[in-house]
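Heads up, the chain below is alone and in the form predicted alone; it's given as structure tokens.
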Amino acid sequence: MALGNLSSSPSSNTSELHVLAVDDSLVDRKVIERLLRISACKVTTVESGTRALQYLGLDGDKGSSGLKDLKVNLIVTDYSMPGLTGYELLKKIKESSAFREIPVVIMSSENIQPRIEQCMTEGAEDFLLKPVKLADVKRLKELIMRGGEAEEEKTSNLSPKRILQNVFFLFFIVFFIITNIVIFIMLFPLRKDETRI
């Protein structure tokens, strides 16, 4: 089965990070593709959630992808698309045993909090507001580099990394309190006849 408007950026390195970008807007697809390519990612773009499912081989047609060893490190999808929405695509990906561990990031030009919470609850790794910026892409690349580490952190609150973060945070709070006490004492010294409560 042909996929239609499937666009893939040139790749000289097979170990390059691969992002599947899904958006019905050609302009938005080109922007995200360009930003990801600047960040040294291989990018495949498709124009709908249905095309994304076909590319991933999740549309029920066994031969639809044509790629036996498909390796996608991140899926970035628009929320509002005709037909299959980004939210519905997210749900289908997270229901798939083959792709559920791949981080999915939802993009939208609308900052609607219940929508964002719904996507995050369903398993989205992040929610970006359009227009997507280079700083957002750098954050996305960090998600890819972490790989399965993010899912592991969610399931284990006592991971070494989480413990180290908590210790650092506690150290920062104690340092902040002590610094404020010292500043207060320096600004308001006691006179000999005064006592502090």
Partner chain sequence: MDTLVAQLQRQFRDYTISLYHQGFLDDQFTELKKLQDECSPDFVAEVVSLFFEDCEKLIGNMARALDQTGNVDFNLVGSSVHQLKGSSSSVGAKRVKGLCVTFKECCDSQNFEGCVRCLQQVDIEYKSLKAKLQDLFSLEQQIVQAGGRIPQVDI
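Positions refer to the first chain, counted from 1. Because the structure is a prediction, the values reported are computed rather than measured.
Unshown form predicted together with its partner chain; subsequent notes refer to it.
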Report the residue, out of L35, I144, L128, L58, that has at least one non-hydrogen atom within 4.5 angstroms of its partner chain in the predicted complex. L35
Non-hydrogen atom within 4.5 angstroms of its partner chain in the predicted complex for each of E101, M120 and R139: no
At 4.5 Å between heavy atoms, is V27 in contact with its partner chain in the predicted complex? yes
Answer for I163 alone: is it within 4.5 Å of its partner chain in the predicted complex, judged on heavy atom distances? no
If we define contact as a non-hydrogen atom of the residue within 4.5 angstroms of the partner, is S80 a contact of its partner chain in the predicted complex? yes
Hey, in the predicted complex, is L134 touching its partner chain, heavy atoms inside 4.5 Å? yes
Stretch 89-127 - residues with a heavy atom within 4.5 Å of its partner chain in the predicted complex: S109, E110
